[in-house]
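The chain below stands alone and is given as structure tokens, in the form predicted alone.
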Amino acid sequence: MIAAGGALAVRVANFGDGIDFFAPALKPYRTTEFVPTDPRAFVPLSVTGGACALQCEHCAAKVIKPMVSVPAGPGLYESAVALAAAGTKGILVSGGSQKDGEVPLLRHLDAMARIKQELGMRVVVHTGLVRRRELAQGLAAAGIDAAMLDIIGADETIRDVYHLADTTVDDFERAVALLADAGLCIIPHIVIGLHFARLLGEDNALEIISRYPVSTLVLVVLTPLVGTAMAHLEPPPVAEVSAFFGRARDRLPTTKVNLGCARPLGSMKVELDRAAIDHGLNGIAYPAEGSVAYARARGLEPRFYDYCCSLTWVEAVA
């Protein structure tokens, strides 16, 4: 593992001294250092409303319920038209999973193509566990900007947390392979501490990701949510999470690695953000108060975005 100072040096050597801060319209956000100029620029939608067949131990559909629900009648395209009229420039198409772990997206492919062609919006898709080549190829044909999915590196976590009894780590690797074969821009996520706040399989997930041409790796940290089976747990220790940041930078020295939206709040968020900077991560979503100043003190030059941290190629807003 590269030490913190070395990791930052590796990151600067490969990417320069810019560091990206993101604040999409997933939730209200502002600090004294970062006030989004266009909080509706990027909006998440759920094609299943608040429904999810898996009811995973860490989520229980809590994450998708605040998203804009796509109505069964008008549909995804009409929802995007309304958002575009209000100034939205990009959308995350997400939703709850089916029992096989895949988000039901096939019937929305034509709508995604129209959104790209007729509205000119950026479209990022949370695919869930891609099982069918038809879906990967359909997303590519629709012209989406990127596909996001969690990669899990332990069979026990797949079974006990995701409730996918007949699924293995190999299925998650195959999902990445299907997306890569289709030529899609891939944004894998690793949830650190997903196995009931223990690290189990994260390094294996990192190894899987290293074998494919991914655009950006997004790291998030288990955040026990009220109303879920993990509500009573403490988040994984900062030291263990920070060490994994370093291993991710070490394993993917020329791939962008961002700290995503989901992570514990309060003092732990401050510590994690500083660790992300020290270990050479490229960007941070919803930075804690003081993180921008800390980045500057480490010799980095902040850039600010109103977009999701998966959209690492768009122009900064300031």
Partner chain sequence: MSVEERPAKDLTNVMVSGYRLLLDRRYHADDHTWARQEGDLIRIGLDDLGQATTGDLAQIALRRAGEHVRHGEELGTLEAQKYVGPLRSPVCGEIVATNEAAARGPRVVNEDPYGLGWLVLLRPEEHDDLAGLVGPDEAPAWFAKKADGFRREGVLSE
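Source: prediction; values computed, not measured. Positions refer to the first chain, counted from 1.
Beyond what is shown, the protein has a form predicted together with its partner chain; the following relates to that form.
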property: Partner-contacting position among V169, L225, A140, L199 - heavy atom within 4.5 Å of its partner chain in the model of the complex; result: L225
property: Touches its partner chain in the model of the complex: T31 (any heavy atom, 4.5 Å); result: yes
property: Any non-hydrogen atom of S267 within 4.5 angstroms of its partner chain in the model of the complex; result: yes
property: 4.5 Å heavy atom contact, R251 to its partner chain in the model of the complex; result: no
